[in-house]
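Below are two forms of the same protein chain, given as structure tokens: structure 1, then structure 2.
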Structure 1
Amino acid sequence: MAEKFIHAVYDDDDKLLDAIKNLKKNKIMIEEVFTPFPVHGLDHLLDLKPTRIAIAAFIYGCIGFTFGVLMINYIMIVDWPQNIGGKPSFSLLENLPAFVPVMFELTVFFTGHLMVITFYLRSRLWPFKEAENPIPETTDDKFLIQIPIYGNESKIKSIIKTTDFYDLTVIDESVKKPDNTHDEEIHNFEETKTDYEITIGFVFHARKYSDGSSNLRIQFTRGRGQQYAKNSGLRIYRKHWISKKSEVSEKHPEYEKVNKAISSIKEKINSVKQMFADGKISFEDAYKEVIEN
């Protein structure tokens, strides 16, 4: 299995289908496609084999029907035949009309449940199963093609760039990703979603100095996408950082001085947000207003 992938993201199902046609024409292997809804014709385009789940369902139905016949025959005819209103209680066939409803229900019961269980197991769906879509937007409005790289990265990229793509990322699984929860923490002032909004928060540089302190950086995010971080010039002991308040606790050396510096940065951040909202500065230049002044 390849350790490097290209994730090509599209924002429309027709663009996705065009891109897949393009990739297929150039004999590029597609490993997986993630979509927010069933895209008509996608399975044919990816040459997926027809699913055999309906055949399985038929077999389950036969099992259910057989179970029904055997059970009713045992209970009503073999084990304890009773004279019920003079009905022919000693023959399954002669008594069959009264048994049809339960046989039918058992057939449906077995087919329905066993088929759904089969589907869940084959598609690996069960409670506590972790979701595997690479970006969360693929359940909303984005369509992602996962392409394994076997030394043909630039060729794939050039093909994708001819399509109407939304985003393109290279994922390298051979390089271990830094564990975000331990090395870097993002403290956002607020949650924002649209591309027209800017989020500015504090993060710590992953590397610690020998005395245990690390650089406090300011992170700029546009919507859910572009992101960069700049050093604030402050060196802080992370163990004394209060993430809820975005300031240091009293145990931090010179904590008053440090908190004063942080609060002046916060003020600048607020004014930058306003300037960005008013369209006075671009996202790329936003850091200059915070750090260089």
Structure 2
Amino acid sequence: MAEKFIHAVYDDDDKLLDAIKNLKKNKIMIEEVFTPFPVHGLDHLLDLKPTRIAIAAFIYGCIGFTFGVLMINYIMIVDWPQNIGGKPSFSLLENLPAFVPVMFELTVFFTGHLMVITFYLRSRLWPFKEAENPIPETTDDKFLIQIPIYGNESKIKSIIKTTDFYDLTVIDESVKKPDNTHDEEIHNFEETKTDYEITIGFVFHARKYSDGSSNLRIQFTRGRGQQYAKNSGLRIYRKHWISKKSEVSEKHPEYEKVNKAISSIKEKINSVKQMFADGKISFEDAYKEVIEN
């Protein structure tokens, strides 16, 4: 088992898929991928086996149906037969049409509940279990590829650098301390995260509009526990976004107008950072200086 890993972070699912295709093409082993939501086609790229939860659902449905038949037969036929509206109560078959709703509901009840329990047990998820995702952002808007290092660190880095990645980190579990030294400045506003510093950067809203565009948001972070994001008022196609420069490419229909607006926001961000460092504004009100002014 590898003791060193490379964590490649991406801010878009399309960029993630392109990176995985590139890594697989170069025969690089991928140990795990963390995403905030299911990514279509990812299971095929990672050669994951089809789930057998459907088979389990069928079995649980049969159990629920059988339980419903036995229960309603005992209650309404064996234990306490009743004449309800003149309906016969001598056998199960004669009363079967009236019992259909009960059997149907129990079939659905058993299937749904047992499928959820099976999923959690199979995924090893239970109450009070500690999260296994390397960074909390993978539950928000970031995608992470975990790649084990077996003497091929430079090769893996060179391949990742050909993709539009957001962040690149080497983790050495042998010393239980992550090496957060970046090979280059990946994000224009990435800084050391302490309780006395504020980090401001651009992220995309997870939801896409019908035309494929997404809201460009400004994310404010202090330390590792406080974070919030506000819409910048710009809607951008993710495929045109250049993460390393925090701007859109010339392929964007209105790239000059958009980049001019982004440049203005960057100037305000730098000003807000200084104001926060001088104690002139609070972390909670930092967005007002960037967006409202």
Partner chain sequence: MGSHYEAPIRKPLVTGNKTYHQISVDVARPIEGSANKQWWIVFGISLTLFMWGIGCIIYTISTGIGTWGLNKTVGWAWDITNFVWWVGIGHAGTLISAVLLLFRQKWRMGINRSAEAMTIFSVIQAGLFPIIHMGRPWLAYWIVPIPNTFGSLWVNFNSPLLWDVFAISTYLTVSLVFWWTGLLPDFAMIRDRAVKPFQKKIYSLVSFGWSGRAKDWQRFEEVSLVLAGLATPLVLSVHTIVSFDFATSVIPGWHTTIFPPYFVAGAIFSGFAMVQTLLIVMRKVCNLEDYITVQHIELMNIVIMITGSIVGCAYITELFIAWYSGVEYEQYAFLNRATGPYWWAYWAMMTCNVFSPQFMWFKKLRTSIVFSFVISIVVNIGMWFERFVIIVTSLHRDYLPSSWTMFSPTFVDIGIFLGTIGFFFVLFLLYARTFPVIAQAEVKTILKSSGDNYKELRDKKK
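Note that the rigid core is defined as the largest set of C-alphas that superpose within 1.5 Å between two forms. Structure 1 provides the reference sequence; residues are numbered from 1 along it. None of these values were measured; they are calculated from a predicted model.
Kindly point out the structure, among the two, that is the form predicted together with its partner chain.
Only structure 1 matches the form predicted together with its partner chain.
With both forms fit on the core, is the shift of the CA atom of Tyr255 between the two structures 2 Å or larger?
It does shift by 2 Å or more.
Does Arg124 move its CA by 2 angstroms or more between the two structures when the core is aligned?
Yes; Arg124 is a residue whose C-alpha shifts (by 2 Å or more) between the two structures when the cores are overlaid.
With both forms fitted on the core, give yes or no for whether the Cα of Pro81 moves by 2 angstroms or more between the two structures.
Yes: Pro81 shifts by at least 2 Å between the two structures.
So if we fit the rigid core, how much does the CA of Ala277 shift between the two structures, in Å?
Core-aligned C-alpha shift comes out at 8.0 Å.
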